[in-house]
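Quick setup: one chain, the form predicted alone, written in structure tokens, and binding and motion questions come after.
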């Protein structure tokens, strides 16, 4: 299951699991509705052996589930499991960052439409408690129940303004 790696924190564990280009592009395709191996390969221009390895890893980590299809049920579709669906905000954040810093004058290549209201949207990171947008300088990382000794020591050094650049303090 994702997150069970023995790394210093969840950022390191997630980066270890997801941290390559092809994994994110496979996930993007799954969010676009792609389910079949040949469709992933065609849409991504990815070699079959790399795609096969990534899909096996994503299935073994509980990010995708395999579902047999066809008359003989000899082939599998790859559908996002809940752990995979929960990666959606990460992909949206990458999309937004790329639109802001890499798209240039062309503008965004993908616009997200919220089907509930019908409008284009730009999702925000919001606080679950107060429902206000979260800004970097309003967050203080603190040790959680699963914190390693490294994390406890590192986080004990932080102050309320840990993420503000020294010139801004």
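Because the structure is a prediction, the values reported are computed rather than measured. Numbering follows the first chain given and starts at 1.
Below, we refer to the form predicted together with the DNA, which is not included among the displayed structures.
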property	result
Triplet 21, 36 and 52 all within 4.5 Å of the DNA in the predicted bound form via a heavy atom	yes
Option touching the DNA, based on a heavy atom within 4.5 Å in the predicted bound form, out of 47, 121, 109, 43	47
4.5 Å heavy atom contact, residue 79 and the DNA in the predicted bound form	no
Non-hydrogen atom contact residue 32 with the DNA in the predicted bound form at 4.5 angstroms	no
Contact flag, residue 75 vs the DNA in the predicted bound form, heavy atom cut 4.5 Å	yes
Residue 114: touches the DNA in the predicted bound form, heavy atom cutoff 4.5 angstroms	no
Interface stretch in the predicted bound form with the DNA - options 52-60, 96-104, 131-139, 24-32, non-hydrogen atom within 4.5 Å	52-60
